[in-house]
Ligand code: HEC
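One chain comes next, on its own, written as structure tokens: the form predicted alone.
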Amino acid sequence: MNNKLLTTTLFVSIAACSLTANANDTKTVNPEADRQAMIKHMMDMHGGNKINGKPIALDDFGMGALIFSDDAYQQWKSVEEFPPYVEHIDEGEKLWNKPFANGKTYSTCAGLDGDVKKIKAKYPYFDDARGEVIILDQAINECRVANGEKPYAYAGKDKALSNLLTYLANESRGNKIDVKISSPGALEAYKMGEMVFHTRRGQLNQSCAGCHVTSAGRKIRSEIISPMLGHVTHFPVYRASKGNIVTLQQRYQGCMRSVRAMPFPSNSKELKALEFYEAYMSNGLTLNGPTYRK
């Protein structure tokens, strides 16, 4: 454990992490340098892995832990021929097209309008007018409220929202992640997400980075730890162990519970910042969700 934490600390320093910087000193924060350092670290550590006999490319990190086990990858390919999440896509499509009581649909809301195949790729983003990160889960609920409907519960607590996210993810397959940091507010959100990712917490005194940077590719019991690059590409995920769809926010909270920490509330600024940070770090990778995992 100590060696892992030491390695994480060293990596954070190399990546020019802003945790020790003055919160108001934006000159010391360079998100693109952080991203390039993370890519180099991941490729140096795992670039020799092979899938189907071919060395992995950067975009393969969107496969998550599958890049560490060709056997698991082959099993995944077999399951994906008849994926168990198809019914969730179908249910999500029905909800998407079902009119609200006022006769309008989700596609009439700003941010959810336009080509449905590009909607998920818009999120997360920093809204300068509102001074906050907006995630797709939130945009769906805000659209509902604006049309006189009740919002769904977040983080997997409402199957309808999970199904909508699954449908929109499927429609957006093939788009590239392109999160922009073009204002002081967006930079602060990035810094908050970075801090959440690198801060140790819980009774196990562990951070997200301790698992998904330092220990990516290793096993916790029978589960291979996924790399942080590509985390956001494939959610929502159908988890066979749960027999249901797991959203990204739900996964974040589950990870925090696993280190015996109190998770941040659903749709909190901390969890939204974490998604913003991870999405930025995965810029250029291909959206490939929903998908299947054990």
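Residue indices: 1-based, along the sequence shown. Remember, predicted model here, so these are calculated numbers, not experimental data.
The form predicted together with heme C exists for this protein as well; it is not shown, and the discussion that follows is about that form.
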> Is heme C in the model of the complex near all of Arg201, Gln206 and Cys255, within 4.5 Å of a heavy atom of each?
Replying inline: yes
> Does heme C come within 4.5 Å of any heavy atom of Leu248 in the model of the complex?
Replying inline: yes
> Is Asp113 a contact residue for heme C in the model of the complex, using a 4.5 Å heavy atom cut-off?
Replying inline: no
>> Does any part of Ile224 reach within 4.5 Å of heme C in the model of the complex? Heavy atoms only, please.
In response: yes
>> Is it the case that His212, even though its partner is missing from this view, gets within 4.5 Å of heme C in the model of the complex, heavy atoms only?
In response: yes
> Since the chain is shown here on its own, which stretch among 163-171, 124-132, 98-106, 216-224 would lie within 4.5 Å of heme C in the model of the complex, judged by heavy atoms?
Replying inline: 216-224
